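Coming up is one lone chain in structure tokens, specifically the form predicted alone.
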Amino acid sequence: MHFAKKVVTGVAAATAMLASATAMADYPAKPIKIMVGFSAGGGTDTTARGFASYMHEAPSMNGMPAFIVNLPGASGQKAAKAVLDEDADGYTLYMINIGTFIAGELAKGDDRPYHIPEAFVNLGCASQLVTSLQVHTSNGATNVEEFVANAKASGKEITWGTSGAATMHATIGHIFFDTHGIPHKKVPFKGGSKARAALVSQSVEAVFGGVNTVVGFEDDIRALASAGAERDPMAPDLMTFKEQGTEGIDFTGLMCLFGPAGIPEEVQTDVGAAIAHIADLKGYKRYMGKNDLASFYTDAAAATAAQDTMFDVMGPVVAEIIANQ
């Protein structure tokens, strides 16, 4: 009887393993949900929607589509935590730029809800987000030098908006104002599109947001500088902060797809292959170009290495910002 029970248990386990292997071999067998932690219309949402629209064309996706779920809040952390509440089966993924993902975690200090390298797997990236300083076109400043001079001459606190309290854009905004000794007040919004709307309505005096968010709003918004070691290839005429004398803002955020830790290796391979395929599609490149976003592929290993570097670069900066608050 005991032997018989062992045989039955063994058969059941083997059957379960076979079923699991079959399920992985068939992945995906249903549409994939991509969570976005910001409202519609910003850089993350724009990239995610463009990416998702081509998901079914990737050979490794079995013709299955992807759809977007926006869950704004806590600089993207609300959506990130929602992803961790789902099964690690590859059917719920998370898209965000690694700069904002890391800034959000670091800003929480010891109260962080997760540690990205332990809780998530970076599956690869298909774009990047580049931060810019933006003002309303009624503002007299046409470059960083003029903006700084006008801000100091006004003798008042500068109110500026951004896509969230603890995003890459917010971190860069703090660095900028603190470097130039300008009194400032941050106004966080739930997404880049809402920060842009505040600038258009002149509810804030400046915005630190993605270069892409200016597209279509050139009559109302003027970008004065972009972050990064080099000029954004999608905005080659826009000088960097460094070119205009502001150091320490030479990083950008790779836009990556993440899955929760424990996601099967087979699924990681299939999703990674899909990212590589989509990033090279003419349609995706055309879509991204129209939105002033670059299209390029970064594999999981390189993306994870960049992620580690970002922790080293942003850690001291965010710690200083927290200490001075």
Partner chain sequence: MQNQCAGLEEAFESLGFLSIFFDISCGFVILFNDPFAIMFVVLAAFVGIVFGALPGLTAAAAIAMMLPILIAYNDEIGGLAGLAFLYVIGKSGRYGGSIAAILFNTPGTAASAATMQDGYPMTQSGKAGKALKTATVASVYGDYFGEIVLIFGAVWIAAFTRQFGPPENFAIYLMAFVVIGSVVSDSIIKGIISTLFGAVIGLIGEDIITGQFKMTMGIDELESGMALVPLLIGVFVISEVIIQAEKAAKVKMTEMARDKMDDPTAHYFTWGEFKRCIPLMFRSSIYGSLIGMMPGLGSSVACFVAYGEEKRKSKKKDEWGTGIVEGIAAPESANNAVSGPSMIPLLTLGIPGSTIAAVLIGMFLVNGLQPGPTIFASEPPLFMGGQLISPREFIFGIFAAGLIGIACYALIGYFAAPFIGRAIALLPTQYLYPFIFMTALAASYSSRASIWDVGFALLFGVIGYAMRRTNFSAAAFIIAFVLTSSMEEAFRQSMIISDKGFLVFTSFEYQGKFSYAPIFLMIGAAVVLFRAWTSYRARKTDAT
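It should be emphasised that the depicted structure is a prediction, and the values quoted were computed from it without experimental measurement. Residue numbers count along the first chain shown, from 1.
FYI, the form predicted together with its partner chain isn't displayed, but the following is about it.
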In the predicted complex, the one of Asp178, Asp220, Asp250, Glu146 near its partner chain [non-hydrogen atom within 4.5 angstroms]: Asp220
Contact residue in the predicted complex, from Gln244, Ser203, Thr137, Asn150 (heavy atom within 4.5 Å of its partner chain): Ser203
Partner-proximal stretch of 236 to 244, 123 to 131, 138 to 146, 210 to 218 relative to its partner chain in the predicted complex, 4.5 angstroms, heavy atom: 210 to 218
Close approach of Leu106 to its partner chain in the predicted complex, 4.5 Å, heavy atom: no
Partner contact for Arg112 in the predicted complex: its partner chain, 4.5 angstroms, heavy atom: no
In the predicted complex, Asn70 touching its partner chain (heavy atom, 4.5 Å): yes
4.5 angstroms heavy atom contact with its partner chain in the predicted complex for Leu84: no
Residues of 142 to 181 having any heavy atom within 4.5 Å of its partner chain in the predicted complex, listed in sequence order: Thr159, Ala165
